[in-house]
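The chain below stands alone, shown as structure tokens; this is the form predicted alone.
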């Protein structure tokens, strides 16, 4: 594979991409959604039909330059993939990729995908913030795709909603709501065997395409380009079922018994066919499973805990020289606090769920929902919280764990 060139005319110097504004309110029209309000978009398009939005974010810059993206792909804790289509053959490799493992930008027909860029860069996280008109429990991550001329991943479909935002260069998209979702055999990628596009557009920087699940699409770079994909969690029913049953078992639910009940069969006779499954055993196990019960509160606890669980590759960085509680409070009063970009904080009427852990709201209901919704508390608001030693002790604990930090992003 040819080595990557050191000549980087596109985004070679490190620079700070402009941070987008906060997520629009539900009933405020926004260019991000083509002049629709988030409420109108969710009602008319979400999980229903595609929407092309010209200049959703005018004057957009890629949240990471090409060099920065390549550097990120060289990290052990970043999920990255290299997809090539050389000599009409698809190939897939998983990262990390050292500098000499990527093709040169001048080499045609290759794509680098970097998953979860929002977990590693505040600019990528700031861009993801624009899409919080959908619930955080559904919002997954921001993937950045770099492609050389002709690069793509083949015609395919996703099982989740996605916003495809062009941030550099041009990409030609073809889409179709086809029923034939059969795939080509023997490929490392899920490429549709019989792609039948119905519509076609070229997207330039600032343009965006929304696609609901199972809309077939194919994007081809026209020259060097970068695309940001905002994806949403869409667990299957089998995944939900298996995870919930595991959650019940992990918490030792024993169907109302005070002590764990062991399987017993005092009337089991001697057998002449030891390999035969005893019908009585099946009947007793069926009786045990029939007694499994759960409540709506159990389901809420599972959903909140599971959906707030950080991804397996997430590691929180505790401050190297943490402030003691008094200095932390003084700093927070001055600069406010912000959730770390990797932190997931959800809540309902009874509990809050922080990075996979459930706690009752209780007195925290006075301030925690605002922190979860805004992902920050400014210094002026923190002054009120600073009078409660229990709150400051809790927030200082989160700060030492790396879940929050002082300061509020602009």
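Note that the structure is a prediction, hence the values are computed from the model and not measured. Residue numbers count along the first chain shown, from 1.
There is another form of the same protein, the form predicted together with succinic acid (SIN); it is not shown, and what comes next is about it.
- Candidate site formed by 145, 153 and 171: every one of these residues places a non-hydrogen atom within 4.5 angstroms of succinic acid (SIN) in the predicted complex.
- Within 4.5 Å of some heavy atom of succinic acid (SIN) in the predicted complex lies at least one heavy atom of residue 113.
- Taking the partner from elsewhere, residue 85 is found to have every heavy atom lying beyond 4.5 Å of succinic acid (SIN) in the predicted complex.
- For residue 130, no non-hydrogen atom is located within 4.5 Å of succinic acid (SIN) in the predicted complex, even though that partner is not displayed.
- Put simply, residue 217 is close to succinic acid (SIN) in the predicted complex: some heavy atom of it is within 4.5 Å.
- Per the 4.5 Å heavy atom criterion, succinic acid (SIN) in the predicted complex is contacted by stretch 225-233, the sole one of 310-318, 278-286, 225-233, 188-196.
- Of the residues given (164, 203, 167, 117), 164 alone sits with a heavy atom within 4.5 Å of succinic acid (SIN) in the predicted complex.
- Distance criterion of 4.5 Å from any heavy atom to succinic acid (SIN) in the predicted complex singles out 158 from the list 79, 122, 101, 158.
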